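In structure tokens, the next block holds one chain alone, the form predicted on its own.
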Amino acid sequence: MFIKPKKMIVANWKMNVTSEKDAERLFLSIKNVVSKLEYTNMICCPPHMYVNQVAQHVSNKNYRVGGQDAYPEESGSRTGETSVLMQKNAGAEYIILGHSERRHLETKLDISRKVTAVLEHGMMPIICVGEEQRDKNWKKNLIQQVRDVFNRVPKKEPENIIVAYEPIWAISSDKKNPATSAEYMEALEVIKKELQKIFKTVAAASKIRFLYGGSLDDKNIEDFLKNAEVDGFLVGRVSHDPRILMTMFRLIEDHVQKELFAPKEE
């Protein structure tokens, strides 16, 4: 039986570190705590140019390094691009793809090609999907996003795929409209049903890991931990705040421990 690994926090630093020294300092400020966690691991995703600097400090299975995006071709006349292979050689093991902040720059084919390249290089894609509005067509739009990516990628080794539900309407620095665990679960059901159709097996969808991302912090993470089937979280706004991250790690650890050691009902 396939057993999913620990809860995961993907820390997308975006452009919030501006030097190697800052990247190193931020990673080291949380490294020792993460290395001692029992039920949680962290994927740190710095800007491309700092991936190698951060990866040099990876010495524990509880934390790994990822890239924020990558170009599918290995080399060539692609000014300004960073290839999947470059990210891998720099120390990245995961790549965020289809993020809402990049989606307007990419075609549907671009994202599926990137997913395929990441898998072919033995890395793990973190595929972001999510509707712009929770309107009458939201399910249809979400299904189409899933089809656009997965209809064109290899259907083997689903355990190497991570899907992050990232509703665009819930992403906001003022946190006025975050999604709830109930809304996440509703979307998860839609995504899983479509993946079962695409992979032609129920087992495949059960092996894929599912994250939530969108105005998540230490204040609302407990709602998802207690009321949702979630394998982890993609965080951006708080990803470079060690204090908030530490609190989120503690809440995850406490929740998982309570679940594991809760008395079984007769």
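Numbering starts at 1 and follows the sequence shown. All figures in this text were calculated on a predicted structure; none of them were measured in a lab.
We do not show the form predicted together with phosphoenolpyruvate (PEP), though everything after this point is about it.
Student: When phosphoenolpyruvate (PEP) is placed as it is in the predicted bound form, which of 119-127, 183-191, 133-141, 97-105 ends up with heavy atoms within 4.5 Å of it?
Tutor: Heavy-atom contact with the partner occurs in 97-105.
Student: Quick check on residue 255: any heavy atom within 4.5 Å of phosphoenolpyruvate (PEP) in the predicted bound form?
Tutor: Judged by the heavy-atom cut-off of 4.5 Å, residue 255 is well away from phosphoenolpyruvate (PEP) in the predicted bound form.
Student: Although the partner isn't part of this model, could you tell me whether residue 65 comes within 4.5 Å of phosphoenolpyruvate (PEP) in the predicted bound form, counting any heavy atom of the residue?
Tutor: No, residue 65 sits far enough from phosphoenolpyruvate (PEP) in the predicted bound form that none of its heavy atoms falls within 4.5 Å.
Student: Quick one: is residue 170 in contact with phosphoenolpyruvate (PEP) in the predicted bound form, heavy atoms, 4.5 Å cut-off?
Tutor: Contact check for residue 170: yes, within 4.5 Å of phosphoenolpyruvate (PEP) in the predicted bound form.
Student: My question is simply whether residue 235 lines the interface with phosphoenolpyruvate (PEP) in the predicted bound form - judged by any non-hydrogen atom within 4.5 Å.
Tutor: Taking the distances in the predicted bound form, the answer for residue 235 is yes, it comes within 4.5 Å of phosphoenolpyruvate (PEP).
Student: Just give me the single entry in 26, 70, 216, 51 that has a non-hydrogen atom within 4.5 angstroms of phosphoenolpyruvate (PEP) in the predicted bound form.
Tutor: Going through each option in turn, the one that passes is 216.
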